[in-house]
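The data below hold one chain only, encoded as structure tokens and taken in the form predicted on its own.
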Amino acid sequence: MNLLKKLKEDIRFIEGLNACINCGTCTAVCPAASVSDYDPRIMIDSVQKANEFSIIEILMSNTIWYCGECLSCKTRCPRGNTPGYVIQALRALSIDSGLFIESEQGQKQLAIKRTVGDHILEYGYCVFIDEIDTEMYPEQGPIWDWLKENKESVLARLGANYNKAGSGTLRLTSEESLNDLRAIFKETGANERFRKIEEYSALKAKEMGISFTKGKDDYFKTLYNE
């Protein structure tokens, strides 16, 4: 795979990189840069060099996974660049090429896929109450366990429409809407990326000697907790 060629074909790369003058404005306004080893100026500078080996190093690094995709960079760049778009393209290419599995942050994409990704396809929600328990989210506190046990009555009193047809918070997503979401995931290549995340994660789990099946298995828990 010619990674540089693939990267330049991505519409997010095309729209995100015009002509960087290396001014550092993006880094100055970047929330992620202030709390992690991430510098959008350096990332764009590295990509502009158009070196295949540099691209491989980037795709294997933790760095591309630190961006929060808030697009603060888009609002301030004097040349109309959007480093966040370029990061999106790099992340997609990292998964497509399987190089994401070479970094700790890249490996964590399985945990995101098996939570946010799978929840969207199953429930129509990124985060759904049925999937939030205090084993995975202890910060919810012990009251959350009681709320989960009594969710139907509590949510009804709060005016939610939990798991029922119609409008309202936590309403049941219709099968038609779920099919639309699934079609979008298929058309945009998300399903194929999900497949690759599972495929390469299975290989990494085998290499590490950790049980790999589905859902919150031992490999998932290792990624999530460690």
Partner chain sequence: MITSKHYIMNNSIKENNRNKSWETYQKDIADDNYYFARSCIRQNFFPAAEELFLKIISKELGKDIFDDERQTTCTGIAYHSGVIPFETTMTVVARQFALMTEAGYENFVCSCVTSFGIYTEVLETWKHNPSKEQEIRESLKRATGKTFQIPKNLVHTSDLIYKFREEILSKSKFRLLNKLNGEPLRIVDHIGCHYAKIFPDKGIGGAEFPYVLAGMIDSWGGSQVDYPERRHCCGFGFRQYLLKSNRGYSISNSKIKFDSMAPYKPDLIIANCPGCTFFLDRWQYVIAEMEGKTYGENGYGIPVLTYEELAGLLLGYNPWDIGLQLHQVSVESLLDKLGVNYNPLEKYKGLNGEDLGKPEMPNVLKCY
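By rigid core we mean the largest C-alpha set that fits within 1.5 Å across both forms. On a predicted model such as this, the values are computed, not experimentally measured, just so you know. Positions refer to the first chain, counted from 1.
Beyond the structure shown, there is the form predicted together with its partner chain, which is absent from this document and is the topic of what follows.
Residues Ile11, Lys74 and Lys113 are all found to lie within 4.5 Å of its partner chain in the predicted complex, as judged by heavy atom distances. In the predicted complex, its partner chain lies farther than 4.5 Å from every heavy atom of Met60. Its partner chain is not drawn, but in the predicted complex it has a heavy atom within 4.5 Å of Glu69.
Shown alone here, Asp217 lies farther than 4.5 Å from its partner chain in the predicted complex, counting heavy atoms only. In the predicted complex, at least one heavy atom of Glu187 sits within 4.5 Å of its partner chain. Although its partner chain is not shown here, in the predicted complex the stretch 202-226 places heavy atoms of Leu223, Tyr224, Asn225, Glu226 within 4.5 Å of it, in sequence order. With a cut-off of 2 Å and the rigid core superposed, Ser34 has a Cα displacement that falls short of the cut-off between the shown form and the other one.
Once you line up the core between the shown form and the other one, the Cα of Ala156 stays within less than 2 Å of where it was.
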